[in-house]
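Shown next as structure tokens: one chain only, the form predicted alone.
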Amino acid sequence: MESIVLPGEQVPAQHVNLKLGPGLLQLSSETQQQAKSAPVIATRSGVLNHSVNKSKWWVEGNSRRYVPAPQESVIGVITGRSGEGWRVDIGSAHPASLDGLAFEGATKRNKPSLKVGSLLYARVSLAHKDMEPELECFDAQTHKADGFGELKDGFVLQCSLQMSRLLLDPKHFLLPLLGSRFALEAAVGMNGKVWVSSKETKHTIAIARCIEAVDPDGGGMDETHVKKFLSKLDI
């Protein structure tokens, strides 16, 4: 049964390695020992979710603006230089910063050549309500690129934040279904942006139309209707 929470409501989020996602805040405590058991409250209304082992908790709402959270993957656009790095638009209230060394194998003499308008697949490394979010283009554990970095060619479409989370769920039907029909590459940002690339333009258009149709904000089409929709397309 889904649990609906309201702003200020306390939630039962407790774990040794507790990680809080969007919509949740752990209240500060005076001592480190108290901090581990400090209460967690909701900062927005929505459906309370958690991982299988209950180490990760977040609130799924119908927010239109993306609120950065640590470890989330995002798709952004370079908007300008900032010292030794870049400023990136990820759709949040404030632009994110990306250091020139936040790439696999990057050094002061060997940095990626990015221009204004370049598209990036990155990971949020720091997110705080009083600071600009920071991005990295490598996996936090392996320090390998693992798909993060500049996205070339392809097509970017906007979807709801809820749809982006659905696409990142391994159990969701859409991407495996599309992958069985077309040769495609895809990157999904939790900020409501999806990058897709396929060999033919008509396939890319079909993929984008299917994502828009399945989006809860666009129609909420189920698997059966998507299959019927694909069978009617001249592809």
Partner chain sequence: MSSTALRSISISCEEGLDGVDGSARFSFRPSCSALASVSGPITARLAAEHPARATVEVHVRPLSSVPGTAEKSRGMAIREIVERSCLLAQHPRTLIQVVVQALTNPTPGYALLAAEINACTLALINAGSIAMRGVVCAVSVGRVKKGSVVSVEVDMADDAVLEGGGCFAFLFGFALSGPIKGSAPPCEDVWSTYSARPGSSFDQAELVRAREVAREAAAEVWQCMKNNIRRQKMVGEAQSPEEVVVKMEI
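Just so you know, these numbers come straight off a predicted model, no measurement behind them. Rigid core: the largest C-alpha set superposing within 1.5 Å between the two forms. Positions refer to the first chain, counted from 1.
Separately, the form predicted together with its partner chain exists; it is not shown, and the next lines address it.
The stretch in contact with its partner chain in the model of the complex, judged by heavy atoms within 4.5 Å, is 127-135, chosen from 142-150, 80-88, 127-135, 103-111. Contact annotation for the candidate site: A13, A186 and K227 all lie away from its partner chain in the model of the complex (no heavy atom within 4.5 Å).
When you look in the model of the complex, the only residue of I41, A69, M190, L167 with a non-hydrogen atom within 4.5 Å of its partner chain is I41. The closest heavy atom approach of Q26 to its partner chain in the model of the complex falls outside 4.5 Å. Put simply, R64 is close to its partner chain in the model of the complex: some heavy atom of it is within 4.5 Å. Though the partner is left out of this view, S51 does not reach within 4.5 Å of its partner chain in the model of the complex, counting heavy atoms only.
Taking the partner from elsewhere, S45 is found to have a heavy atom lying within 4.5 Å of its partner chain in the model of the complex. Shown without its partner, the chain has L6, P7, G8, E9, Q10 in segment 6-22 as residues with a non-hydrogen atom within 4.5 angstroms of its partner chain in the model of the complex.
Annotation for I205: C-alpha shift under 2 angstroms between the shown form and the other one, rigid core superposed.
Once both forms are fitted on their core, a CA shift of 2 Å or more is seen for V47 between the shown form and the other one.
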